[in-house]
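Here you get one chain, nothing else, as structure tokens; it is the form predicted on its own.
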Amino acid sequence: MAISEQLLKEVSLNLLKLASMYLPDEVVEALKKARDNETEPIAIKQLDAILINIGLSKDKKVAICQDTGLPLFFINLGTGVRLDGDPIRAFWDAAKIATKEVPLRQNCIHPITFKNLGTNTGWGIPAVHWEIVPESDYMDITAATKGFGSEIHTATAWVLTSEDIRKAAMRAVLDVVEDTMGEACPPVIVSLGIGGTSDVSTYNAKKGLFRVPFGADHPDPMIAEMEREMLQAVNKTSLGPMGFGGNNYALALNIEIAGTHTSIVPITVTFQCWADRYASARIYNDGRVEYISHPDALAYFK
């Protein structure tokens, strides 16, 4: 058997709808925990408003934020997977339908002429990122709707290998956070790509924003320790929710690494706003579908 283009389109459409309207439970729980641990009155009010917003969007089945971003797909493709049809067409068709049915704001434009097809497709969007998984017979799909209030503060530093890279990464994170303040709609998810070339570093930073499950540690204990140290340092800035002050500027901080050059290490820092809009599913060759980030997905669409 093979995964059909039609099934891929249906699952991708569901994922875009879920990502836009219904945050994963782990993200909601992290926001509730931040609210319970907050001490600043204005920060508590901001988090209360966010939690009300989440409940309304889920109940009314509308987009969580007016900036529904640009659609992205991260694919882990098993080497044993068989595909019947054009997967890229399936992803693009899903974005077109989601634009009408959610609806998604028609954000995708030509970068020079500003032409807008009104479908959130065109000129390489939706962006589809592929990774191959050896000896696997399933396909993992993570769909995200990436807003640009957080996107615009992505930054890359280049650090000589003669320096202490852990200290340099900490400086990079704190410098970018101080520059960003409340513009990325905190509490945010912070992600770093460390190593590789400039494009690899940036890709890894973006991928880290949508780690599944939310809040999971990096499998390398040293990297996981760096994540905890940096998250603590970011929250000690006391910038807080929406930059108005408080103890919770970031809900999570994730790091992804890649091998790099002997002379210099790129460190890319990027953000996702509190609305960590992603949804993930696994499709098997026999047509079975598991919604990993939203186990009750099918009930939501009834």
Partner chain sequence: MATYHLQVPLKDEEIRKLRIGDIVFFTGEAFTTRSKFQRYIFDQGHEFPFSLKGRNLLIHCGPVVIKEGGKWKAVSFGPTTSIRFEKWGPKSIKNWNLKCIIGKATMGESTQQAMKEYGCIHVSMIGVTSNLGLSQIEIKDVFLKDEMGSIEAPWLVQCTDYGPFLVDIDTNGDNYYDTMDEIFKQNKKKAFEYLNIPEDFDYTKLY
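Positions refer to the first chain, counted from 1. Given the structure is predicted, the values throughout are model-derived calculations rather than measurements.
Omitted here: the form predicted in complex with its partner chain. The next part is about that form.
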4.5 Å heavy atom contact, residue 32 to its partner chain in the predicted bound form: no
Any non-hydrogen atom of residue 85 within 4.5 angstroms of its partner chain in the predicted bound form: no
Residue 53, heavy atom within 4.5 angstroms of its partner chain in the predicted bound form: yes
Contact label in the predicted bound form: residue 181 to its partner chain, heavy atom within 4.5 Å: yes
Option touching its partner chain, based on a heavy atom within 4.5 Å in the predicted bound form, out of 78, 195, 122, 149: 149
Residue (of 133, 155, 97, 170) lying close to its partner chain in the predicted bound form, criterion heavy atoms within 4.5 Å: 170
Options 173-181, 86-94, 214-222, 201-209; stretch whose heavy atom lies within 4.5 Å of its partner chain in the predicted bound form: 173-181
Partner contacts for 76-108, taking its partner chain in the predicted bound form and a 4.5 Å heavy atom cut-off: 103, 104, 105, 106, 107
